[in-house]
Ligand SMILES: Cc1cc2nc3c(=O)[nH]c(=O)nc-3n(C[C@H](O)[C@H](O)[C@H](O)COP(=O)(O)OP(=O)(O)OC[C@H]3O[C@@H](n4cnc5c(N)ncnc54)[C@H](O)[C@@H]3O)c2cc1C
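Given as structure tokens, the chain that follows is alone and in the form predicted alone.
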Amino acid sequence: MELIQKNQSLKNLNSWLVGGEAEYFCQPTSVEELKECVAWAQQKNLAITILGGGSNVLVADQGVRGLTICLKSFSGLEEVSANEFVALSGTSKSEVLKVFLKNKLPPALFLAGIPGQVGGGVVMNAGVAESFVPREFCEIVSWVEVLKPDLSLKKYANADIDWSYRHSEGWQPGIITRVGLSWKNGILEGAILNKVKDANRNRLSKQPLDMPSCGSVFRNPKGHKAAQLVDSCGLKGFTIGGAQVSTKHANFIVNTGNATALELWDLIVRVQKTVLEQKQVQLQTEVVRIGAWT
């Protein structure tokens, strides 16, 4: 099939810039193309892996078997009204930020603090640590459309989804195709553009955004900040191969230039073990491993 490629490198399609090849790969631009790709994989009995913006995944050095569907080109945003929008799941959060910003709506502030795409934002209920209102994706999602395994489309209202910290349930199985976004609780008073610039400036000063990373590696345990736990264990700057706990922000693990996925994972496990031994707190990862790890 024309949409399908073989042995496609995934290294430049994830924010850590590591990993091997996809056995089969496609980059659909519409729901119909997405359906074609899923149907093709089903006919060949191949596993399907969804790759969004690549900002929250660790791709195995051995690559990914089956069909990898990359949603980077599955992008588009429609304004329904001044405070309602519909986005294809591959639309970047920065594009959504722009429309909220244009309409002086508060979600622009928290969106300035998170990378990735709309679909991933729903999957992990992406959010920020700051006390913004809103601060999580569940607060701006009206509905979610999902391509089910039988190739039908099903729409879920916000209330149909079980939202929790960095997670969502109730819409699976399937692939998120479109998301309705809205904010009906007023506009931002004052100079919103300056506030967004300040939020971005704050991120730049505190996070190693000039180096390949996946963003925050660990969820904040109840009653704790992951970065503070890692820092208090003296792990800032700790290195395995090309993987390093950032010296700027202890909840970031960066690729210093030649890291492998295995080195990054070994460092994640080492940090978890050290924090458990020293602080009696089990850190859970936000990052998801994909591909052949065994």
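Not measured: the values here are computed from a predicted model. Numbers follow the displayed sequence, beginning with 1.
One more form of this protein should be noted, the form predicted together with this ligand, which is absent from this view; the next part is about it.
- In the model of the complex, this ligand sits within 4.5 Å of a heavy atom of residue 50.
- For residue 274, no non-hydrogen atom is located within 4.5 Å of this ligand in the model of the complex, even though that partner is not displayed.
- Interface membership of residue 56, defined by any non-hydrogen atom within 4.5 Å of this ligand in the model of the complex, is confirmed.
- Proximity of residue 128 to this ligand in the model of the complex: non-hydrogen atoms within 4.5 Å are present.
- Judged by heavy atoms within 4.5 Å of this ligand in the model of the complex, the contact stretch among the candidates 115 to 123, 77 to 85, 95 to 103, 152 to 160 is 115 to 123.
- Every residue in the set 166, 209 and 213 has a non-hydrogen atom no more than 4.5 Å from this ligand in the model of the complex.
- A heavy atom within 4.5 Å of this ligand in the model of the complex is found for one listed residue only; from 143, 183, 132, 171, this is 171.
- Contacts of stretch 258 to 294 with this ligand in the model of the complex, defined by any heavy atom lying within 4.5 Å, are made by 286, 288, listed in sequence order.
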